[in-house]
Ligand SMILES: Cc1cc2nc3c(=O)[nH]c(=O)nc-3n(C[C@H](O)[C@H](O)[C@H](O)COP(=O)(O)O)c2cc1C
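Just the one chain here, laid out as structure tokens, in the form predicted alone.
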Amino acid sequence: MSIASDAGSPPEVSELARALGQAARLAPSVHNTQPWRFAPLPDGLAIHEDPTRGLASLDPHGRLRVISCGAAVTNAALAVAHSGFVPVVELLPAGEPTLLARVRAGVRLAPDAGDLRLYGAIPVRRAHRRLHHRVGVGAGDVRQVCAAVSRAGARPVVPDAPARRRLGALLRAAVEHQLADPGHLAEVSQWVRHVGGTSTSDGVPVGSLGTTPFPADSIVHDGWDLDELERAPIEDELEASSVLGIATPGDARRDWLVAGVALQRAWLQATALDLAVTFADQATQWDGTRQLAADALGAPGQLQVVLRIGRPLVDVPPTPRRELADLWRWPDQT
């Protein structure tokens, strides 16, 4: 997939804004909702959240939506660097309530080799909902992924084996809660795309869901049952996994944005290292377990995201994306 290809952008959009939008639209988002709109700037891109693509049951406060948009900010900033400029990122500018960030080109500068590697990982990054190899992730690779989190201004958390086992127990409790919630299951079903369905540009294709029990399959959907969950070795899997948490000092919208920027930098770094990334996030999605998960992992501040990182056993398919032409936000739109 070419980041720079687009035949649908209006002629008034600059080549730079188009390149940033092409990169930003490939960011990960909760249930692949792609909850963003882009406003072209002469020297960059403004990124807005799109509340109409929110998840009322899973994400009533919009935290996961803003984290998703933070990931898009990372992609846009890397596209600026790839174009030969210093990225200038302004989070939560004053003005419109949906405006989350402006990403602009600063002075000309040859791009950093590390940023070029991350930019090259944008179109091949995948959410991995398949089994990992039973081979540990090397300490050097973990340090590189953690450094990507720190560079974004967030705090990496690498729990030890007992902490990972405690997290597994909390994941089990959170998943049981989601399975018992008809509103959650109905919402997930709205975003799972079946063969022959009407939407081919968003959501999670049914073929991208996990084919093995949790925690390999990281979306709780109505294909599961509680009896199977009780037999799933969640605590054993988490204890044997490499786990990365991302924490922020607070829990305001700026913190959520920073968490999203950090998430994507870490994910792209992992991709560049040929590592698979799977969300292990249910315990942070439910208020009943979120603080318990932070305590279990020893998170410094608010725990925003939890990932499992490993060696991929099989390839996974890409999820669809909306065309850039459908994502522009013009001045007369709200």
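Note that the coordinates shown come from a computational prediction; the quantities given were computed from them, not determined experimentally. Note that residue numbering follows the sequence shown and begins at 1.
Form predicted in complex with the named molecule: not shown, discussed below.
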Heavy atom distance at most 4.5 Å to the named molecule in the predicted bound form, all of His61, Asn75 and Val261: no
Proximity to the named molecule in the predicted bound form (heavy atom, within 4.5 Å), stretch among 42 to 50, 293 to 301, 268 to 276, 66 to 74: 66 to 74
The single option of Arg172, His82, Arg104, Arg126 touching the named molecule in the predicted bound form, heavy atom within 4.5 Å: Arg126
Answer option from Val158, Ala247, Val204, Leu99, heavy atom within 4.5 Å of the named molecule in the predicted bound form: Val204
Pro28, heavy atom within 4.5 angstroms of the named molecule in the predicted bound form: yes
Non-hydrogen atom contact Thr289 with the named molecule in the predicted bound form at 4.5 angstroms: no
Any non-hydrogen atom of Gln282 within 4.5 angstroms of the named molecule in the predicted bound form: yes
Residue contact check: Arg321 to the named molecule in the predicted bound form, 4.5 Å heavy atom: yes
Stretch 70 to 105 - residues with a heavy atom within 4.5 Å of the named molecule in the predicted bound form: none
